[in-house]
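A lone chain, given as structure tokens: the form predicted on its own.
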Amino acid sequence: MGSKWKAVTAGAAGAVLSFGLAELIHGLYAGVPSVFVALSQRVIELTPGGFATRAIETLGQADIPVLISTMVIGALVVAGLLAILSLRSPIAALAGVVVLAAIAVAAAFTEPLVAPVPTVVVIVGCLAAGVAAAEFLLRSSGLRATAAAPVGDGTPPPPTMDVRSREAHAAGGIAVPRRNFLLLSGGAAVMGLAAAGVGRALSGGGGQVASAPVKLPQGSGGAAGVTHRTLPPPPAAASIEVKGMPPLITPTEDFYLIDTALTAPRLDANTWKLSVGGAVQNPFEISYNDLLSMSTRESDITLSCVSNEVGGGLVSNGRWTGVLLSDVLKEAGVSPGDVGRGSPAEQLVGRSADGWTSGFKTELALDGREALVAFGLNGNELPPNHGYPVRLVVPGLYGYVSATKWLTELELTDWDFDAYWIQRTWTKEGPVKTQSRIDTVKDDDQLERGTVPIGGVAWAPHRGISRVEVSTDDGETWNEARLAAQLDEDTWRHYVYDWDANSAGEYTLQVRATDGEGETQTAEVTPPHPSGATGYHTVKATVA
């Protein structure tokens, strides 16, 4: 192994150990953020909008794994280069480590609920541990030369020929054989990885749901006029029981998950506050218990992501619990007459604990739809990655303009403000487009002759679904499907068409839906960017 590769190995092992120790301490104490996550999060935020959009279009849901892999490789490369530099100029290499420490501290300080002093101490200490490990490996490899003690006449001692245990140019330290050097480096890296794994486990690791669902706390309900509306179980008529059909209410553990946060902020409901301000008459703050003491309700609402491909799975239907957003705005003195076009309160901006923003027309919170300041999903508290303790849920709008998780602020402002994804070239208003999906038959399925149920879900939140049609001949003819009862106009609707598949051959199946206003989804195929995908979901299958 050449000297440069030994140096790179030593530096990379030190970096792994450094990050692992930092991750372990993060798991033990939430006030110290995950340094690696904080750095990755800042990269996401600082990526130019056009580039971020192209990356999402190209990589889809692989964008975050690719980012993390790139960050890991980049960190190891930088550590290796600093180790090589240290062989020529230790002071310059140390200056590079100081720069890295400053960048890490700056990134960590942008995380919510950061404890400043412990964070600085941990970052400096973990980097020092990583540097010490790299230095030990460099000396063990024989690459770090030390001053040799002169012999009686002032000349250095002659080099030894025992090159298996001592390098000729490393008179001040033992150089282990290559195999042992690799074992030492691997040991340091394994220690770092083990520490990181324990830290991730202790911190929850960004899992989608908590280990056990937590039942919702009960509101006081004692104040005059305060009500807590719960819904009965969905009627049997609202579901169609066919193999492959998704459940009417998506289980929490299966609810789609997509956002810009690499890990969920760990917020405490006991100290959480929601600030309501901007162009309002009565700005105020409300606590979690105050929110629960208001009139609450359960609402069945389908959410979908603007980046969902036609036929994709980034859509789910949940039973949400919360306070009407209109009631919260009423407390702030906001009325429908205050929020018209061109007014200083035309846009309602939601801000997350991690700084993410969304924005939509304020009038949509006041038009009668059950937009919620939500604190529950499917009868339990929100899981951490779905916005605990409180988030926004607005039927009829894609999540990128409305679904602020870890909600900490509502601000009414004018239409000129551009929220997070609008700055990244997605359209500003974000109404959910009418869509439908085939679930009971998959691409390349081999079907037996006879009756084949072609079924799935269709959705047009806040407009409802009035009709679904299925084609088995690539759109030449259309057949009306049987619809389940509409659970709510804000939810998806089950459908099924019983196809008499009596002739062998290859078939192209398609589905289209018509919303409650009589508008049929378009056949025009467009990608998700910039306003949501369109087209008919198409499945190719063979009847044997």
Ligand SMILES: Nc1nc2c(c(=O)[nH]1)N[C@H]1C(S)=C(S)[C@@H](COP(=O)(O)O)O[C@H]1N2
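This one's a predicted model, so the numbers in the text were calculated from it and none came from an experiment. The first residue of the shown sequence is 1; numbering continues from there.
Another form exists, predicted in complex with the named molecule; not displayed. Remarks below refer to it.
The named molecule in the predicted complex comes within 4.5 Å of a heavy atom belonging to Ala403. With a 4.5 Å cutoff on heavy atoms, Gly399 counts as touching the named molecule in the predicted complex. The named molecule in the predicted complex comes within 4.5 Å of no heavy atom belonging to Asn380.
Although the partner is absent here, Tyr256 sits close enough that one of its heavy atoms falls within 4.5 Å of the named molecule in the predicted complex. Site residues Tyr497, Arg512 and His537 are none of them in contact with the named molecule in the predicted complex, judged by any heavy atom within 4.5 Å.
Checking 258-266, 275-283, 325-333, 99-107 against the named molecule in the predicted complex, the stretch whose residues place heavy atoms within 4.5 Å of it is 258-266.
In terms of contact with the named molecule in the predicted complex, the residue from Leu364, Leu303, Leu410, Ile240 that brings a heavy atom within 4.5 Å is Leu303. The listed set Thr119, Thr321, Thr434, Ser352 contains one residue whose heavy atoms approach the named molecule in the predicted complex to within 4.5 Å, identified as Ser352.
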